[in-house]
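The data below hold one chain only, encoded as structure tokens and taken in the form predicted alone.
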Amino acid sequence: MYGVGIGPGDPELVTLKALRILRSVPVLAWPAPEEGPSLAREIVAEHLPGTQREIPIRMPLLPARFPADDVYDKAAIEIGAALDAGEDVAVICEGDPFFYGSFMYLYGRLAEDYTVEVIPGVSSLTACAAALGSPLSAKNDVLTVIPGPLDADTMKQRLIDADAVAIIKVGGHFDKIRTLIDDLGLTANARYIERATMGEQRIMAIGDVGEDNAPYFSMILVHKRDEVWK
């Protein structure tokens, strides 16, 4: 089984190794919401040969149901059956499989019984920094990654303690995050981006984002020195 990181959205950011595997395996598995298309599959669609058997892994995206253990249990059984039959399987994962990637839940179920290779991908973290023209950290800075769903008190303390911060999974937590950043006097140091490297990419001042109008695929970078190299 291959856990294939396919990058943040731009099909040209798929690595050569990922491309080779995507085109050669007989079975492809991909995550998707309970209804509708798979963003992960859309990213690599133009690279696929069109001859593979495909295993959709459809799951609820509600925070209260994630990770959906029953979904991963079922997917692990189906993928395991393909592996038992001698078929290699590529499980595609947006960004990097081991940077908040859903692939890790399949890895945990299958790695003890099967040979698994993880193919790293361009992560949203580095893609957002590149698109914003904003280096993540420099010198002896400590970079802190903060998930948006953290409670306000914990997030505030993380922001106070950090040199440089990447706030991920912003989504419906945007208003809470913006308030904390403003209260700490860091608004001028904050950079907002959504859907980095995709056709719908948008970069805005944090004050211009509508109330709770940030999508899940959005990120805020904050550096205490503002310009990292200074």
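One-based numbering along the sequence shown. For clarity, every value in this text was computed on a predicted model and none was experimentally measured.
What comes next is about the form predicted in complex with a further copy of the same chain, which is not displayed.
This chain appears without its partner; in the predicted complex, the one residue of Leu48, Met204, Ala162, Leu39 with a heavy atom within 4.5 Å of a further copy of the same chain is Ala162. A residue is said to contact a partner when one of its heavy atoms sits within 4.5 Å of a partner heavy atom; Val209 fails this definition for a further copy of the same chain in the predicted complex, lying far away. Although the partner is absent here, Tyr114 sits far enough away that none of its heavy atoms falls within 4.5 Å of a further copy of the same chain in the predicted complex. By the criterion of a heavy atom within 4.5 Å, Val118 is counted among the residues contacting a further copy of the same chain in the predicted complex. Mapping the unseen interface onto this chain, Asp141 counts among the residues with a heavy atom inside 4.5 Å of a further copy of the same chain in the predicted complex. Not one of Met59, Glu94 and Arg195 places a heavy atom within 4.5 Å of a further copy of the same chain in the predicted complex. Taking a further copy of the same chain as it sits in the predicted complex, the stretch 1-25 comes within 4.5 angstroms of it through a non-hydrogen atom at Asp10, Pro11, Glu12, Leu13, Val14, Thr15, Leu16, Lys17, Leu19, Arg20.
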